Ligand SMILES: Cc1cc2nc3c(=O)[nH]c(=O)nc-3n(C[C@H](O)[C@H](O)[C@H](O)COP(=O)(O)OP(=O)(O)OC[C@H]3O[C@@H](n4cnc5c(N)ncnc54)[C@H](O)[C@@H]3O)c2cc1C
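Next up: just one chain, as structure tokens, the form predicted on its own.
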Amino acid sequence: MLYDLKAKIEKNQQLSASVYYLELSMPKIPAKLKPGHFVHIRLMHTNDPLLRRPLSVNRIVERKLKNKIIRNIGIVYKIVGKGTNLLKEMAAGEQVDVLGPLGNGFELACLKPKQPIILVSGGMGIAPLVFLAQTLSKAIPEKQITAFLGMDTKKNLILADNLKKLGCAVHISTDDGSQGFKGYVSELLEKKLLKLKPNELNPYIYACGPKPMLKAVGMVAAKFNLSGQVSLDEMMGCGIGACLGCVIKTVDLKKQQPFVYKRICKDGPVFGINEILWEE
């Protein structure tokens, strides 16, 4: 069920030079959320920018209030334009309009017993993977989860500690070598996969980030014959599949056409790791 609700800002805190953590309280929506879902936020004090901002859910925060447990939504966002610049100026107690939950999230039912899980993020792609790790740690506490985090430089690295607190083994790559492996996160992933023992169960991959990074991770998965899912980090217009502004080519599972266009906001943002036909 889709809700359009007014949400109270509980926190709006700076995490790094251009990244903020936003916590919202509202009824109904948190109970319907699953990892990979996103919400569409509209600033109520202005119509400029006109379109809502699509923001992935980073975590569910449980707080006790008068002997009652309430569940808030945590969102991590980056300042990229006018909308997010205005959002960062909003204070606790103010309200925003929230439409959600939107999209199709990560599927967990496909996981095999004792199958290791690999999370791969590029840049802000780490945001929804924290919610995924949070959900997995509660639903399947014995699961082995390894996270590979890619960032341009050490000073922009965020949320690694959140994943460690959830029991994830964390490996970091930076483009400039300022922390961890120097190079792309897909290269670090391949390097670690080469060390798998022959009798080890093949891990399942969940990835989120920019398209070039997801394409590279998909190529690594194909090389090792691994299954998984990817969540696309994409700008969206309506968020409900009406405007057709965020389509992508995918494999035609019915094998009747060379490809099928799917809407990232409605059919995704999560797709099978081998489902997307990446443009050159």
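On a predicted model such as this, the values are computed, not experimentally measured, just so you know. Residue numbers run from 1 along the displayed sequence.
Below, we refer to the form predicted together with the ligand, which is not included among the displayed structures.
- Across the proposed site, S121, H171 and E187 without exception lack any heavy atom within 4.5 Å of the ligand in the predicted complex.
- Interface residue remark: S56 is counted as part of the site for the ligand in the predicted complex, having a heavy atom within 4.5 Å.
- Contact between G177 and the ligand in the predicted complex is not found at the 4.5 Å heavy atom cutoff.
- Using a 4.5 angstroms limit between non-hydrogen atoms, V130 is distant from the ligand in the predicted complex.
- Although the partner is absent here, K78 lies within 4.5 Å of the ligand in the predicted complex, judged by heavy atoms.
- Residue in contact with the ligand in the predicted complex (any heavy atom within 4.5 Å), chosen from N156, N72, Q134, T84: T84.
- Residue-level contacts in the predicted complex: of M235, A31, M219, L253, one residue has a heavy atom within 4.5 Å of the ligand, and it is M235.
- Of the stretches 59-67, 220-228, 22-30, 46-54, only 46-54 has residues with a heavy atom within 4.5 Å of the ligand in the predicted complex.
- Taking a 4.5 Å heavy atom cutoff to the ligand in the predicted complex, the one contacting residue in 250-272 is P269.
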